[in-house]
Each structure stands twice: as structure tokens, then as C-alpha cells.
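Presented as C-alpha cells, the chain that follows is alone, the form predicted alone.
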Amino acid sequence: MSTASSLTMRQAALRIVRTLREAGYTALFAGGCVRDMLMRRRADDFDIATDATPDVLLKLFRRTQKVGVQFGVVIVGVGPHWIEVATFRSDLAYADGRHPSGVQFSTPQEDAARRDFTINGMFYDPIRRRVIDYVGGQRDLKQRVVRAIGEPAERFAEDHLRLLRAIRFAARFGFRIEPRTAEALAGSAAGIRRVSAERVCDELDRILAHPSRAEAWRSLERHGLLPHLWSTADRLVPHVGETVRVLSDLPRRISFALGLAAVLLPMGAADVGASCAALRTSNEIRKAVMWFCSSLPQVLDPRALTLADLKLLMARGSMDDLLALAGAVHRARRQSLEAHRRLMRRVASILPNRVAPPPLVTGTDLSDWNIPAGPIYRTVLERVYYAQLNGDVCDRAAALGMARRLLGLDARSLR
């Protein structure tokens, strides 16, 4: 028997279903986890739909979170997992293109009808092991189709984030978007501007970090969404062909920062930072993206790249990703790879302990010379360390001598 700490998410979800069934309620797996099971893919999340109302759920389960309770959603904790349990519901009018103004509890059929796409609108009874499909999701899975439930334009008007989700699902699964859904998608494209930057960024993370990123980026442009993702995204449209080739050439699994850098390359440095700000990326992501974009020219044309420059790039810890991006850009532009191969050999020849060795001169040395604290410290220490990395000073005596010269100090005055 599994201990609480070793439970898989599916086992935890099954425990919740059993508890609800034993209490006399209907409980079913719902949404994406059903789709993934039918596609024989590993489900990342398990959601449960039930006729038990939130007040019942809060009484029935010991560990709960009330996030979304106003929409009939309670988060239930079982072992190490937190699982969303939602009461069957139909949504009232959407006023902001993202959230319903309210919900009313309903039947499984009505609950399925409010969902986004048929492939996400199915239920599964894990006790009887049967699929419950009111919307034709199984048919569309077999036909490899992304189809909106009901009237496509209405589904997109209710929640504009569904525009990006349609693109992501189609690209990720290699499906086509059903014609009426595609037509409504293109006609509603500008609606993505009403979605919060954080939610758009989250979807772009899922798109660009996934191996299907190139097809998704092409589809964003084809269906007219790309110019509306943020205020200056329209500048990327003329470069889609090259960007798709770059994205196709990158390793299968990459970070969101690398993927975002790849699509922002056509922009100048200032616009890269502004785009990250518009998308409300984290500071960590913004700094990584800007580093990729600002460092790329050095590795695309490494003729002026000194040994110290190369070591400073390698010390950043993302050199493999930067080189992968450079190789992808070279191939996308159909350029010779000879300089790139030479650079790869240079990188491989530098031993790990030589990349970022301890500095031969530190601030303590300058302080011992009674140098007043100030910007001069950084200037001198950076120049001496650069010389050290470049092999121009090879021992502490030479490094101290260089520091003294930069400070204009007479060695005799320091005795």
C-alpha cells in the first residue's frame, strides 16, 4: 500500500473520487487529464468535477484551499499533491473577456458545454473506467482536430486566452485547427490584447519551451495573433520565416529565456528589454534574455573575441545555450559554420578551473594601500582581472604591479 508521501498525483486524485463517491456524490476526472490519458500521454495535472458543492468539499476534506471558491473550485490536498476539485457548473456572462461574472451549479452536460475545446471537454469515471463524452472529444482526438465547443466566436469572446491555447494545443499535438474554429480565431485575434500580460507570458512560456515552438510561432503569425501579443510585437512579423528556422534548430528542450531571446533577436537591445517589461517577465528571465541577445553578436562573429571575453561569457553558466542559439542563427541565415566550429573548439579547450579563477588582486589589497573606497575599486579590479583571464598577468606579483600602475602608486610608497 502506498504511503501518503509516495502517492502519485493520479492515486491522490483517485482517493478524492472514492471519498466523494462513498459520501454519495458523483465525481469524475475532467479536462486535460482525460485527453492525455486517451492519447497515452503522461498527465501533468488531474482535475476533478463533482456535484458536491464547495461547502460540502470544505467539510469533507481536512486539507483544503479556498482559491476560486466563488467559482465553485476548492483545492484539496492529498499527500504531497494539491488537486483542483470543481462543482459542475455553467458560467454566467463574461464581462472582461477572461472571467465569468458568476457561476451556477449545474449538470455534467452543462459543465462540458462551457469548456473551451472538445478534446478538453471529456470526463472519465476512474471507478468504472469509462469515458463520458458529451461534446465529441473522442472523435476529434481520432481526427487530430482542435475544435471549439459550441459556437467558436462565443468561446473566444468569453475568454480571450483561449486564442493562445488553441495555437498551443494544435502545435503541441500536431493537430489541425478545425476551419470554423480557425476562422473565429483569426477574427478574434485582437482580443488577446485584453488578457493580462502575466497570462500571455505564461502561455508563451509553455509554447517556447516546448519542442513544438517553431510550428506554434508560425501559427501565431498565420492566424493573426502575433502582432497583438504586446505593444511592439508587430515588429516581429516580417522576421517570422527566419525566426521559425532558428526555433526549429534549437535543442528539443530549452528554457523559456532562450526561446524568448530567439524570437526577440530582430529587435534592438532597448526593445528587447521593453518587450520583457511589457510581458511582465520575472527579473531573472529578463536578465537572461537580455544577456543572450547582447552576447550573441560576439559569438556570431568571434574574430575580436579575446580569451578573457570568452571566459567571461563562459562564466555566465549559459554558454551552451548561447552557442546553440548562435549555431541556429548561422544555419537559419545559411551562413558558413567554420568560424562557429572554431569557437566551439576554443571553448572546449579551456579547462573548467581556468574559466573563473579566484582574482589575484582583491579590494582588500586596495584597502591595505589606503585607497579610499569608490568607483576606482571596480575599475582597477575589473581591469586587473581581465588581464588575468587573458593571460597577460600570470601571478600575484604581476597583478599587484598592474594595480599599482593603474592607481599611479609608487611601489616604494607602499613599503
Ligand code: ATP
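Fair warning: this is a prediction, and the values are worked out from it, not measured in the lab. Don't overthink the numbering: it's just position in the shown sequence, from 1.
Not pictured, yet referred to below: the form predicted in complex with the named molecule.
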Test of understanding: in the predicted bound form, would N120 fall inside 4.5 Å of the named molecule by heavy atoms? yes
Taking 4.5 angstroms as the cut-off for heavy atoms, does R218 touch the named molecule in the predicted bound form? no
Please tell me whether any heavy atom belonging to E178 falls inside 4.5 Å of a heavy atom of the named molecule, as the geometry stands in the predicted bound form. no
Please tell me whether any heavy atom belonging to Y124 falls inside 4.5 Å of a heavy atom of the named molecule, as the geometry stands in the predicted bound form. no
Partner-facing stretch of 348 to 356, 377 to 385, 64 to 72, 43 to 51, counted where any non-hydrogen atom is within 4.5 angstroms of the named molecule in the predicted bound form: 43 to 51
Counting any non-hydrogen atom inside 4.5 Å, which residue from R165, H81, R316, R280 sits next to the named molecule in the predicted bound form? R165
Option touching the named molecule, based on a heavy atom within 4.5 Å in the predicted bound form, out of R286, R245, H340, R172: R172
Is it true that D36, R199 and R206 each have at least one non-hydrogen atom within 4.5 Å of the named molecule in the predicted bound form? yes
For the heavy atom contacts within 4.5 Å of the named molecule in the predicted bound form, list the residues of 105 to 122 involved, in sequence order. R114, R115, D116, N120
